[in-house]
Structure formats: structure tokens, C-alpha cells
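Presented below, as C-alpha cells, is a lone chain in the form predicted on its own.
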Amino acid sequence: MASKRWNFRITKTRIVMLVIFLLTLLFMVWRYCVGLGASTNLNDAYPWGLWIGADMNVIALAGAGFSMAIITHVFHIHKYEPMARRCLLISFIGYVLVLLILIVEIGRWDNFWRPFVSPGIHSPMFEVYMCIVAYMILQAIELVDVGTEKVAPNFNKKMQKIMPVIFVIACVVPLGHQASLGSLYLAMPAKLDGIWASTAMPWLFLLSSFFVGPAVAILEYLWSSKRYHMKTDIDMLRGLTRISACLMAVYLVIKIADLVVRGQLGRIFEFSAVSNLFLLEICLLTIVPIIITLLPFGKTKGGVMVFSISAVCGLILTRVNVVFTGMHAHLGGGYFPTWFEIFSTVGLFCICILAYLYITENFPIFYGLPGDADGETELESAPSGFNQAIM
């Protein structure tokens, strides 16, 4: 049975992150007092800045939750199930981070309830909103299932009767809002550069979020395994890279075919700032990771790490290119975030990191990993590693 002791090591790094977050709370009050115009570099010509870019990227990377859930619970590849639990936590915290950023960004966040009574059923944003709300509720139920393993095992046994249904629904709901985020740009095709402005954007957004999910899972696995002195299963990680690489190849074919059909293929070789960033996006997101899986280097820990870093950076660049690069020429003028935008974003990331550390140190998130020979959870064998952590 798992230990019921609660533990959270206080370190200098954690204290600094907490102080940054507390300062962010004060700055948020200031932002609401002076408004967006005085606290940010946003304006009527450039209304989307750092915060919307952060939201788009966090939601895309949080796709690790649904992609790993589909791999383990739909396709029944159970050897990845321990990593699915980790990704569930990462995904939920990611969506909480998105909501926190929106609270800073949106002036009337207290009107969050209005879509429920006045639904805009023809708006992609309405679908995004409703799917995110539904998905967070489902994730919360899944995390309650994990938490009750430690604090209420009898209640946890009762929850197992409904969890298969919850898992299935939670695998389906994210498909809606991941695709709909791409649909938002179909409403303004004249403002988005032709390299990115495509009716295939919803499918490309969905597919890229799905196949980068395993890369996010790998990076978290490697970090926590090193930090908490747990055994690393490279064969398991290689299996994830192969799954991801296959979908990357599909994405690359769709992307090239779409450029050909729309007559935009020649533009990517103009070697302008726009075309160069597009080529970098494609190389990082698909070409480099695919090549790594075909080399002996891809069978090593360093190989799977480089694979994952390249994929994650490529996904971030795809969203940045759509939000900023592709819209720059039509929005007019330049934009660079103020110190407040940067500091507040860092502060919100800090509290989410602290939440992740607390939960992983006190709940069976690392359950059932390779090397757990005695059949107990990794949580029970990990405290010595947790106590040696510097974060």
C-alpha cells in the first residue's frame, strides 16, 4: 500500500518560483487597474500577442494527454500505460495554465458562463470552449481516480466501474478543439500568408498535436527518470518514436500535397524570412525526427532525446508561424511583448511547475514503471530520489 505521508521539499529554486508567481498575482491586479493598453504592447492592429501564442502552444503540447490515452486505451498498447498517467497530469496542468493566461488576457473573464446560456453554435471558438471545458472535467475525474488510490482505496474500487467510459470519451473530445483551433484561421484566410492558409489546417493542427504527444511524454520520462533515479527503458521510448515518426511522414505528405494543390510549393524556396521559417518548421517537426529514427543514433538515449526536442520545437514553431509570422504582413507594424507580458507568463508557468512537482511527489503518478521489481508503485520507492532533487 502506498505511503500516506505528504512531502514537498523546499529548495531555493522552488522558493524563487513561488516568489515569481506571487509577484505575478500583484501584477495581475495592476493589469486590471490600468487595462491592456497601458500594461501590454497589444493594440487594435495587433490584438494577438505573447499570451495567445502561449495558449496555442500549451494546448498543442498538452495533446500528449489524449494521444497517449489513445495509444494505450484505444489501441491497447499497455506497455505505455504508465506514461499515459504522466501525460494525463501534464495535459491537465497545461489546460489549467491556459485558463490562467486567459484570465490575465481577457478583461471580462467573469463572463465564462455565458456560452452555456447563449451558445454560438456556428463559431469554431464556441466548439473550442465547450470541448476544453468537457475535457478538463473528464481529466479531473481521471486524476481523482489516481488520487483516490492513495487516500481512498475503497472509493477508487467503485470508480473503476465508470473509468472505461471516461477514458473513451476523454480520447474523443480533444479531437474537436485541437482541430477547431486550426479552423479559427479559416475565418480570415486573406490575413494569413498563403503558405499556411489552407482548408487542411484543422487536420494538420490535430495530427501534429497527436504525433508530438509521444515526444512530450519521452522528454518528461527522461527528465523524471534522471531526477528521481528511476530505470530508463530505451526500448519503450524507441517504440514511441517509431509511432510518432510514421504519423510525421503522413503529415509531411499531406503538407506537401496541400502546397502543390494550392500552388504554393514554389514559394517555400524563395528564401525569404517567411519561407525560411516555414522550412525550419517542417525540418524540425518532421524531417529531422524521421531521419533520426532511421539511424543507429535513434536507438540511443541521446537519439530519442534529440528526436523529442526537435519535434517539440517544430510544433512550437508551427504555432508561432501561424499566430505571428503568417499574420505579420496583414496586421501591420511590429510587436514585442512588454516586461509585464513576459513576467506574468513566466510566473504562471512557475506555479504550474510547482503543482506538477507536488503532485508527482505525493501521488502514484509514476506507477508501474520498468524496474519496479517488487510490484509496488514507483512512488513508494522514489522518496530518496525526490529528496535529492534540486528543483
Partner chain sequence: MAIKGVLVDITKCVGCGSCTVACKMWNNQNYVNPETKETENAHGFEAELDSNTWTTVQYVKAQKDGKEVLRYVKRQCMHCQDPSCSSVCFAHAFHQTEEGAVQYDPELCVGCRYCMIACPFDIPKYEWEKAFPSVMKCQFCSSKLAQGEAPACASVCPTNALVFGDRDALLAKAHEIIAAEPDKYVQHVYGENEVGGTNWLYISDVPFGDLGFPTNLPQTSVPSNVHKFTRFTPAIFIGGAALWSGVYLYSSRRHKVAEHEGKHEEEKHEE
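Predicted, not measured: the structure shown is a model, and the values here were computed from it. Positions refer to the first chain, counted from 1.
Same protein, other form: the form predicted in complex with the partner chain, not shown, and the subject of what follows.
- The candidate spot formed by 155, 221 and 280 lies out of contact with the partner chain in the model of the complex, as no residue has a heavy atom within 4.5 Å of it.
- Of the candidate stretches 73 to 81, 252 to 260, 309 to 317, 282 to 290, only 73 to 81 has residues with heavy atoms within 4.5 Å of the partner chain in the model of the complex.
- The partner chain is not drawn, but in the model of the complex it has no heavy atom within 4.5 Å of residue 339.
- In the model of the complex, no heavy atom of residue 295 sits within 4.5 Å of the partner chain.
- When contacts are judged by a 4.5 Å heavy atom cut-off, residue 235 does not count as touching the partner chain in the model of the complex.
- When contacts are judged by a 4.5 Å heavy atom cut-off, residue 111 counts as touching the partner chain in the model of the complex.
- Only one of 96, 125, 146, 247 lies close to the partner chain in the model of the complex, with a heavy atom inside 4.5 Å, and it is 125.
- Between the partner chain and the residues 139, 180, 241, 225, the one pair within 4.5 Å by heavy atoms in the model of the complex involves 180.
- Scanning 184 to 199 for heavy atoms within 4.5 Å of the partner chain in the model of the complex gives 184, 185, 186, 187, 188, 189, 190, 191, 199 in sequence order.
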